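Listed next as structure tokens: two forms of one protein chain, kept apart as structure 1 and structure 2.
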Structure 1
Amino acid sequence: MGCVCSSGVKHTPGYEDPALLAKETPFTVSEVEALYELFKKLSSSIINDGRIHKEEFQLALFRNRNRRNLFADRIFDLFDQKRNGVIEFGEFVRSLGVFHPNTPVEDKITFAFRLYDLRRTGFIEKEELTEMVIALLHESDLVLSEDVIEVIVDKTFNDADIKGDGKIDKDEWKQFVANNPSLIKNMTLPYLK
């Protein structure tokens, strides 16, 4: 299978020039080239079409192509900038750039906000936060009563929703992360450095 690639000419359909991508992202040209090798591996694991499908993404993260996860779904959706259901090489590099240790914190904060704004309303609403907490608990085999979940969510909203309008906007989110910097720890991948 891999023998075709050795010709070095044929690129995946969404291929972009590593030098240009390196300019846009915290990666060096050689790092982008290394990411291209990784991308080729990931994008051919199930369907060899040079694009990462959701199942391929799940397979890479969980070693299980059928394992669904709300948050992995969200990451996939944000990586898929063109919103055509697959991740192309350029999208892959630009999005991974957010997770680079050298990327400015503001970019990470913004990315996390978009992740958590499940319905893309420009706000994180209470229902969204509740849905995400339930998803995480489910993932961890934790069962908490609705009351307890509500308490946790309400408490968080109390602290984060400064204006008290029942939703968290971008500015409130920035402030909240400033007070709780550990919240965006998951937006940095040490492996990228």
Structure 2
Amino acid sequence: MGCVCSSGVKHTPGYEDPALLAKETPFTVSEVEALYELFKKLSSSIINDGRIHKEEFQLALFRNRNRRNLFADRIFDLFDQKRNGVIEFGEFVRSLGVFHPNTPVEDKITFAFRLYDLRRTGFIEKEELTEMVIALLHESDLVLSEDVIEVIVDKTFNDADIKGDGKIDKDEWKQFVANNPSLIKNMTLPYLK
């Protein structure tokens, strides 16, 4: 499977030239080439078809392909830019670009907003925030009572919802992250620094 280029090298479906991807992303050509090697491993871990399926993505992130995880599902959905149920190489590199140290903070803030905007309404609602907090706590193996989670969500939501209209828009989110930069500190891959 895949295309055979004139050099005789076999590439996965959706393969894009590393030089082109390097121009479109913060990655260098050699970093894109290294990402291709990683992509090939991930995309063949369960189904060897040159695309990353949701189960392969979950296996890579959490070492578990069967346990449903809202956090992993959301990241997968954001990486699957064509919305066709798989991640191709170009999507993989472009999406990972947001985690590069040279990516503008604004792009990281936008990605984080989209991560929490579960229903894709252009707003983060309290229920969405609650669902994501629970998912993140679950992935971290932190067990908190419903009361404590409610206090965390209420405080966070009240701090972020500056307009007091029951939803957090992109501008409110941007201000909230500016006041709480630790929210996006994990959005930079340290080994690229």
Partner chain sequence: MMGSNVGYFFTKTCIIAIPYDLLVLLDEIGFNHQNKFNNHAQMRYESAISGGPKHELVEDGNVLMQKYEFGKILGQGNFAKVYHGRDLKSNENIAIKVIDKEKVLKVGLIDQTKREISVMGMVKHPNIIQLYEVMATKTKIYFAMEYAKGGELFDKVAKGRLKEDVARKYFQQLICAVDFCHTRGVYHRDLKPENLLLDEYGNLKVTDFGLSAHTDCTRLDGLLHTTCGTPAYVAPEVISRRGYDGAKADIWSCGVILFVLLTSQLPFNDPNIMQMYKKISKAEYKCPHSFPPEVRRLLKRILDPNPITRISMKKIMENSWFKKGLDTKQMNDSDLKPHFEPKKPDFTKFNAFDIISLSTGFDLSGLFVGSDQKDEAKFTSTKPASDVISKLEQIAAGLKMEVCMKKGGLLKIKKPSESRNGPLLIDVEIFEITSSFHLVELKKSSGDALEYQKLFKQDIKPALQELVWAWHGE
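Start at 1 and count along the sequence of structure 1; that gives the residue numbers used here. Given the structure is predicted, the values throughout are model-derived calculations rather than measurements. We call the rigid core whatever largest set of C-alpha positions still superposes within 1.5 Å between the two forms.
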property	result
Form selected (criterion: the form predicted alone)	2
Between structure 1 and structure 2, how far the Cα of residue 136 shifts once the core is aligned, in Å	3.3
